[in-house]
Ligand SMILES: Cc1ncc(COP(=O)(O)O)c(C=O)c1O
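The form predicted on its own is given below as one chain in structure tokens.
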């Protein structure tokens, strides 16, 4: 009988006291349970070590939560300095004001900011602000878009009732005509359109906005008095240091950030225009640990590093180097591979691999080399990656591609 790894033993132990052992997007079944570790021991820079001592070169960055590398010394110093004085008090700390000031300075349309812990906290709050401002019920989103775990948008079925989505309408990403039809059919009843900067659904290639898409969406929202909410939970900091709307050349009314905002510290933020501030004050927002001064200190430091070092362009450049290299290696071995989406957070797509079997095989071979590539979710480049680490990863891929070629014949 095969001896269990420590990771496997811990998972069996967890199943006795935690539903599913590990749940949500971290659940083993969401990835490759036969070769991915279940538990991590430590991480630094662009690598992590699992509980069995295997070191991995990471291309998931905590599913996007880490932009500046694991345990970034500058951010950890800022967090530890605040932690020495405490983190959650009966009142907010001064750093909350400093963080809001920094966000409104960095993001060109933002006049105010509020904070929570997770993306879902504020995507749901933002649509309520839109409803309060407009006094309208309907929310429009793209089909397959993920905006959090709340019932109006979550990808599951459990515990949901029909009324949870009775005021939600969906259109196919990039189909401006479909969106226009929804607004025309629900005239004076649509509160907001909530979208991600580009379409990054799971289990499929990422899709960039078609030419003119964002200007048309903005124009239509203006026409009908509909708020345009940008969900930047996943993309924030990886396309433009001042917000992804600047990367694509438009302006939303509200934007929500999380993930990389705190570089691993749990925090989210919503920023908005002055005209929506009164409505925002009417929608109750609070949480026992949401005034976490340590997380805010980490986020403030993270934002300043991004501005100082031009981190968004840096990870885009590194991503281009890595993505172009992967595509060339694949082609040299007889595969048509497209690294879809922005280069700083690409999703690999093998032509004709609609069942993802080829991509899963690719990621299994990568795992054997200590490369953490996910087959069902877009990847992430952190600024802790460098040309040497990316070149090494490309060389490892080139070594195992003949095995993928042989297995695919």
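Just so you know, these numbers come straight off a predicted model, no measurement behind them. Positions refer to the first chain, counted from 1.
The form predicted in complex with this ligand exists for this protein as well; it is not shown, and the discussion that follows is about that form.
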Problem set entry | Among the candidates 92, 148, 144, 209, the residue which, in the predicted complex, approaches this ligand to within 4.5 Å (heavy atoms) | 148
Exercise. Within 4.5 Å of this ligand in the predicted complex, heavy atoms considered, which of 120, 314, 251, 71?
Worked result: 120
Exercise. Looking at the partner-bound form in the predicted complex, is residue 258 within 4.5 Å of this ligand by any heavy atom?
Worked result: yes
Exercise. Do residue 323 and this ligand come within 4.5 Å of each other in the predicted complex, heavy atoms counted?
Worked result: no
For this session: Classify residue 318 as contacting or not contacting this ligand in the predicted complex by the rule of any non-hydrogen atom within 4.5 angstroms, answering yes or no.
Result: no
Problem set entry | Contact test in the predicted complex: residue 116 vs this ligand, heavy atoms, 4.5 Å | no
For this session: Counting only non-hydrogen atoms, choose the one of 274 to 282, 176 to 184, 291 to 299, 231 to 239 that falls within 4.5 Å of this ligand in the predicted complex.
Result: 231 to 239
Exercise. Which residues within 177 to 202 place at least one heavy atom within 4.5 Å of this ligand in the predicted complex?
Worked result: 196, 200
